[in-house]
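One chain comes next, on its own, written out as structure tokens in the form predicted alone.
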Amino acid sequence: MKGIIFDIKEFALNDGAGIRTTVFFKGCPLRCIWCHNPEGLSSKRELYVKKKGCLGCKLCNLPCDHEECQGFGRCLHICPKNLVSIAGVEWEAEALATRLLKDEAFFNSCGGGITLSGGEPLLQAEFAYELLSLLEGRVHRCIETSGYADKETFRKVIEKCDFVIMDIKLFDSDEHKKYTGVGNEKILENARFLKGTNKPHMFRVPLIPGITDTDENLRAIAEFVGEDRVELMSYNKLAPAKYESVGRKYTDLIDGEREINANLSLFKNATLRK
């Protein structure tokens, strides 16, 4: 089975235990206004043009006959500063597993492994399931997910994981829909299921100033997760810079200078990652 991946990050330190390789799946059903991976939103391959450092020579606009450039309106090879590329590479599950397992011995010696992230891996659930199955018994497998999927899909995929990292962004469904484009009913249903299993897991809360970091939201999430482990993540102020590269406009509704309310006292088992 084939899937589309927009990045493979080696030596990742914040995507599960130990040193890991994180595989970023392309496509996401949410449209969080603070998203720091805009190149992962669309499920299709798309042009990625870095603006910083551009010489304005417009050589990339000249016609070319490279097969891989057709349909994108740019030459991917002529830029003198190598600023033009495609976000999204098609992989066969078996080929990707082989690529990831080249570091099997290293992962097992340092307590690391493979993490599926995105985008949203559950949007390519069959591909994710096959990849995780190919890695089974070889390396530690983790998924980072919004949990936005039907319950059958969610349960099938996490069964193949050794650890689950799941976001809970906003507890109120209307607020969730306002800032992410979808309600959170599916997410909370899947989170309740996860809490009731023996599957090792952790919840994550992105601290977006004035949106997710309110006392009301943090208290509601803290009550929901109870004794479960929680990681609070600070807002990534560098996120807006990537939007122009994929032809999107950043919705500037976030005051990145406002002090984040990281009320750790609300959570019994929490860490803060900046």
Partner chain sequence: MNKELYNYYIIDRKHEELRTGSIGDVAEEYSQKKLSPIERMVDRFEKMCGAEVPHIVPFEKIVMMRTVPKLPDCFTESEWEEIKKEHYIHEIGYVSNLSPNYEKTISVGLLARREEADEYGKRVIDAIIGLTDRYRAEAQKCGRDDVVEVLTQVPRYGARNFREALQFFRILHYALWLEGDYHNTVGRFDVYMYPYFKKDMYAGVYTKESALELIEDFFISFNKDSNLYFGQQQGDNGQSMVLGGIDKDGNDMFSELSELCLLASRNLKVIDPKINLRVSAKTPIETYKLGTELTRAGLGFPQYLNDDIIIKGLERLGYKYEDAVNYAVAACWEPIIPYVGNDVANIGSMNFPAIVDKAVRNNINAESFDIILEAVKSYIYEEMDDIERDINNVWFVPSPMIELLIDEKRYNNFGVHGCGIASAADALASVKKFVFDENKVDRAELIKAMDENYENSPELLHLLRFEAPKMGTDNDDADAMAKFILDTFSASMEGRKNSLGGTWRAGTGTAMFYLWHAGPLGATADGRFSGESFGTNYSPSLFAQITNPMSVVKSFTKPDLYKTVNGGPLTLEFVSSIFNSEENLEKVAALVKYFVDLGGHQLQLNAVNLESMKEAQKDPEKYRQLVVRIWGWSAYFVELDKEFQDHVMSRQEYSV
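Numbering follows the first chain given and starts at 1. Here the structure is a predicted model, which means the values were calculated and not measured.
The next section is about a form of this same protein that is not shown, the form predicted together with the partner chain.
- Note on the partner interface in the model of the complex: the residue among 203, 107, 127, 148 having a heavy atom within 4.5 angstroms of the partner chain is 107.
- Residue-level contacts in the model of the complex: of 89, 182, 134, 78, one residue has a heavy atom within 4.5 Å of the partner chain, and it is 78.
- Note that among 154 to 162, 98 to 106, 118 to 126, 188 to 196, the stretch whose heavy atoms approach the partner chain to within 4.5 Å in the model of the complex is 98 to 106.
- Taking the partner from the other structure, the partner chain in the model of the complex has a heavy atom within 4.5 Å of a heavy atom of residue 66.
- Of the heavy atoms in residue 58, none are within 4.5 Å of the partner chain in the model of the complex.
- In the model of the complex, the partner chain sits within 4.5 Å of a heavy atom of residue 10.
- In the model of the complex, none of the heavy atoms of residue 51 sits within 4.5 Å of a heavy atom of the partner chain.
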